[in-house]
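Okay, so we've got the same protein chain twice, two forms, each given alone as C-alpha cells, structure 1 and structure 2.
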Structure 1
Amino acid sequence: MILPGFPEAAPLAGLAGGLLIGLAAALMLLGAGRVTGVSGIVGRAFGINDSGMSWSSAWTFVIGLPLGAFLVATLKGGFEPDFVPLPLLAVAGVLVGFGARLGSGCTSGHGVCGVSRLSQRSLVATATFMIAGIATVAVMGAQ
C-alpha cells in the first residue's frame, strides 16, 4: 500500500507494530499492574529510580528491545545500519532523557499508556511530542 505523498511509508507494518505495542502495554498492565514506560524501565535498570519492576526484569526489557528489532530486521533479509554521528547521537540521547525526566515519562509511557487512560498530563505531553516532531521534520526537511 502506497500513501499519496509518502512513498516510503509502510502503513500496514505500522499498524501491526502499533497493535503489538498496545497488546504488550495491555499485558503489562493486566499481568503486572504496571504502566509500560520505557524511560522508567531504563531508569530502573541503571538504578536511577525504583519503578517497582525487578532489576533483572528491567535489564531483560532493555536488552530485549533492540535485540527484538535486530532479529526482525535479520529475518526480513537484513539491514544496512545508517547511524548519525556518535556525538550528535549522544546529545540527542541526553536531550531525550532530560525531556523524559522533565515530562515525568517518555513518549511510550505517555503516548501509549497515558493517552489510553485519558491522563490529562499524558494528553498534553503527547501533543507536545507531536508538535515537536512535526517541527523537527519541517526543519530537517528544509535542508
Structure 2
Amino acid sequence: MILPGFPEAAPLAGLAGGLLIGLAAALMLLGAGRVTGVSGIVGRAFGINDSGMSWSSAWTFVIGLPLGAFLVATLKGGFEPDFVPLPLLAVAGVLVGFGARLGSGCTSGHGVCGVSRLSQRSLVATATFMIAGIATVAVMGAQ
C-alpha cells in the first residue's frame, strides 16, 4: 500500500511488524510477567546490569532477535539496509548504550511497554528521545 504524499512509507508492513512486536511484548508480559526492554535484557545477557531476569532467559531472547529477522529476510528474499559509516555507528552505539542505562530504558521498554501502560516516566522518556533524534537528524542531515 502506498500512502499518498509519502512514497517511501510502508504503512501495512509497518503495522504488521508492529503487531508482531506487540505480540512479542504481550507474551513476555503475560507469560513471564516482565516488560520487554531490549536494552535491559541485552545488558542482563552480557552481565552488565541486573534486570531480575535469569541469565539464560535473557540469552534466549537476545538470540531470538536475529533469528526472527533472519526468518523474515529469508521469506522476503533479503534486505539491503543502508548504514551510516562505521565510525559514526560506533559513536552512536556508545551513546545509545550509555543513554539507555542512564534513562532506564529504550524504544521498546519506554516506547512500547511503558507508553502502552501510560507510565509517566516512559511518556517523558519517549518524547525526549524522539525530540533528540529529530534534532540530531535535522542537524546532521538524513543521508
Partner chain sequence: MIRTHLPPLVSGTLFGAGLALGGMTDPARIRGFLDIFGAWDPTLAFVMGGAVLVMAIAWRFVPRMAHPLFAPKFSLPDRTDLTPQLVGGATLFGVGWGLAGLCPGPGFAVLAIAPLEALVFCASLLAGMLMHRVFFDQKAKAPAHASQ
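In this text, all values refer to a predicted model and were calculated from it rather than measured experimentally. Residue positions are counted from 1 along structure 1's sequence. Think of the rigid core as the biggest set of C-alphas that the two forms share within 1.5 Å after superposition.
J.: Where's the form predicted in complex with the partner chain, in 1 or in 2?
T.: That would be structure 2.
J.: Aligning on the core only, does the CA of residue 135 end up 2 angstroms or more away between structure 1 and structure 2?
T.: Yes: residue 135 shifts by at least 2 Å between structure 1 and structure 2.
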